[in-house]
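What follows is one chain in structure tokens, specifically the form predicted on its own.
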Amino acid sequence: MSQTKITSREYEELNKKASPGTKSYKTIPSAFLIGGFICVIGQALTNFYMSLGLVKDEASAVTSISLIFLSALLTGLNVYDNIAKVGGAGTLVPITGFANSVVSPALEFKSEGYVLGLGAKMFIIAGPVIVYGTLASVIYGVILWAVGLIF
């Protein structure tokens, strides 16, 4: 079998033909509305937990846990993907999007077993975010410490 080599220009043209155009006039407002709605749910949960007597920091922590749980549950029920089809980038609100990125691969590879499937593949998408986020925070901390020594 011979392999045909194409130039980067030809590849770009093939990619443009195969990729559907984005309708920004539609996707941007829906991302804004869905992302905003997720944030409104978070604020409503915080207010609810504060009305139960929790202080703001405690209510915020319980809200984070609730949003992670709801996102994981909706992902498991295959509802989160349908919301993402409408809301696009709006569903990437950090905590819910992160929970979705952990649960989705876990569900996809669960047939391979708990260790080699679920355990090994759970962080396939979220892993790089954790690694680079941790690395960036360490670098930021070192810079902040160095600036504190200078000034």
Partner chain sequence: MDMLLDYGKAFLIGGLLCAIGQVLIDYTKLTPARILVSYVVAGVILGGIGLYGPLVEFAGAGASVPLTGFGYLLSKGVREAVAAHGLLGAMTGGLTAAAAGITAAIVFGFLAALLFKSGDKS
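In this text, rigid core is short for the largest set of C-alphas that superpose within 1.5 Å between two forms. Residue numbers count along the first chain shown, from 1. Because the structure is a prediction, the values reported are computed rather than measured.
Beyond the structure shown, there is the form predicted together with the partner chain, which is absent from this document and is the topic of what follows.
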Problem set entry | the partner chain contact at L54 in the predicted bound form, heavy atom, 4.5 Å | no
Exercise. Hey, in the predicted bound form, does L116 get a heavy atom within 4.5 angstroms of the partner chain?
Worked result: no
Exercise. Heavy atom to heavy atom, is F123 within 4.5 Å of the partner chain in the predicted bound form?
Worked result: yes
Exercise. Does Y49 reach the partner chain in the predicted bound form, with heavy atoms at most 4.5 Å apart?
Worked result: no
Exercise. Counting only heavy atoms, which residues in 86-114 are within 4.5 Å of the partner chain in the predicted bound form?
Worked result: G87, G88, A89, G90, L92, V93, P94, I95, F98, V102, V103, A106, L107, E108, K110, Y114
Problem set entry | C-alpha of S24 moved at least 2 Å between the shown form and the other one on rigid core | no
